[in-house]
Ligand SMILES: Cc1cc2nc3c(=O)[nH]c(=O)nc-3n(C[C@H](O)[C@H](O)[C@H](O)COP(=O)(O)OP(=O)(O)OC[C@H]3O[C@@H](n4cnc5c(N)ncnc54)[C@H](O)[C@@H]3O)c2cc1C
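First comes one chain, alone, set out as structure tokens in the form predicted on its own.
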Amino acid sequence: MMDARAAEPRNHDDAGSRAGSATPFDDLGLTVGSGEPLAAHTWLGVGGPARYFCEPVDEEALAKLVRRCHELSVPVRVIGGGSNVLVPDGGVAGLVVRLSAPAFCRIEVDAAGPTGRVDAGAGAKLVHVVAAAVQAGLAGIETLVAVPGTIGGALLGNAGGRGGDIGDRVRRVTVMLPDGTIEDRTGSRLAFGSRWSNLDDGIVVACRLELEVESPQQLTKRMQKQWIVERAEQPSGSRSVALMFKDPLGATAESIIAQAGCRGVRVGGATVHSAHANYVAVQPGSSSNDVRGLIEMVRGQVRQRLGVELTPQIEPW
């Protein structure tokens, strides 16, 4: 994903510009808004506006946007499900893109061979891709059923569960580079680690997953069991909570946070969930700074009391 900390954009209006005002994209024939509130696009519901915001209809439209941003040094961000994003209260400079159009949300399943495959657009929800694979009798990603967000976000962060990571199943990723060109990456050009991938130098557009053929009935039972187990370990409700930290090697972040005495710790309207200590719960009226402050407080207390350095799961923009 292209870095939003790139050079400040040149020759265009301020971050506080209103929707409908002039933008550097007006001659492209695309609908680009100004001052789009990003809180509505994230699970935590906090943070300020995007200077520019667009939901392109297809790859051609996306390429036009990316090329123009490249020409003008306008930083680009892509927002998916928004489950692990922390938007600053002051908003985001540059262009924020959401790949929500049908062209980016397609899911195509082929279970005709000894192994099957799923081709999915970056904007497709991961849970929909999992369900489509299971229905077709393709195994390998059913344990990811409770992971929120889109395929694009899952690839960037190498989403995983008890049954393995999505990177284990990836055979091809289509990426749009900063100059708007498209390339397919396979084999040694793909690298996945613990909640990490090497796909952050462009915009993930689509991917191909390779899966095993198995009984749809058995897969459905396994998927449902996984869903129940995962939901039991998460706070009730799907919004206004977010996972704070990645699990360190050999332990869980939740157990470490609890051991450090951080259950129920609060900063403003952001609180460490008392029953699920690795989740931050956000109250109405909370700010992004509250969440950021809470994460740093917990991180510091864990470091001081246990000598453990936790890595945030939430990506600060």
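Throughout, we count residues from 1 along the sequence that is shown. Given the structure is predicted, the values throughout are model-derived calculations rather than measurements.
A second form of this protein, the form predicted in complex with the ligand, is not displayed here; the remarks below concern that form.
S.K.: In the predicted bound form, does Gly167 have a heavy atom within 4.5 Å of the ligand?
M.R.: Outside the cut-off, so no.
S.K.: I'd like to know whether Val78 contacts the ligand in the predicted bound form, with contact meaning heavy atoms within 4.5 angstroms.
M.R.: Close contact exists here: in the predicted bound form, Val78 approaches the ligand to within 4.5 Å, heavy atoms only.
S.K.: Please check if Val87 has a heavy atom lying within 4.5 Å of any heavy atom of the ligand in the predicted bound form.
M.R.: No - in the predicted bound form, heavy atoms of Val87 and the ligand never come within 4.5 Å of each other.
S.K.: Is Ala122 near the ligand? Define near as a heavy atom within 4.5 Å, in the predicted bound form.
M.R.: The answer is yes: Ala122 has a heavy atom within 4.5 Å of the ligand.
S.K.: Which residue among Leu211, Met223, Val74, Ala242 has a heavy atom within 4.5 angstroms of the ligand in the predicted bound form?
M.R.: Spelling it out, the residue with a heavy atom inside the cut-off is Ala242.
S.K.: Given that the partner is absent here, state which listed stretch (242-250, 128-136, 184-192, 112-120) has heavy atoms within 4.5 Å of the ligand in the predicted bound form.
M.R.: Within 4.5 Å of the partner lies stretch 242-250.
S.K.: Along 281-317, which positions have a non-hydrogen atom within 4.5 Å of the ligand in the predicted bound form?
M.R.: If the 4.5 Å heavy-atom criterion is applied to the ligand in the predicted bound form, 281-317 yields Gln313, Glu315, Trp317.
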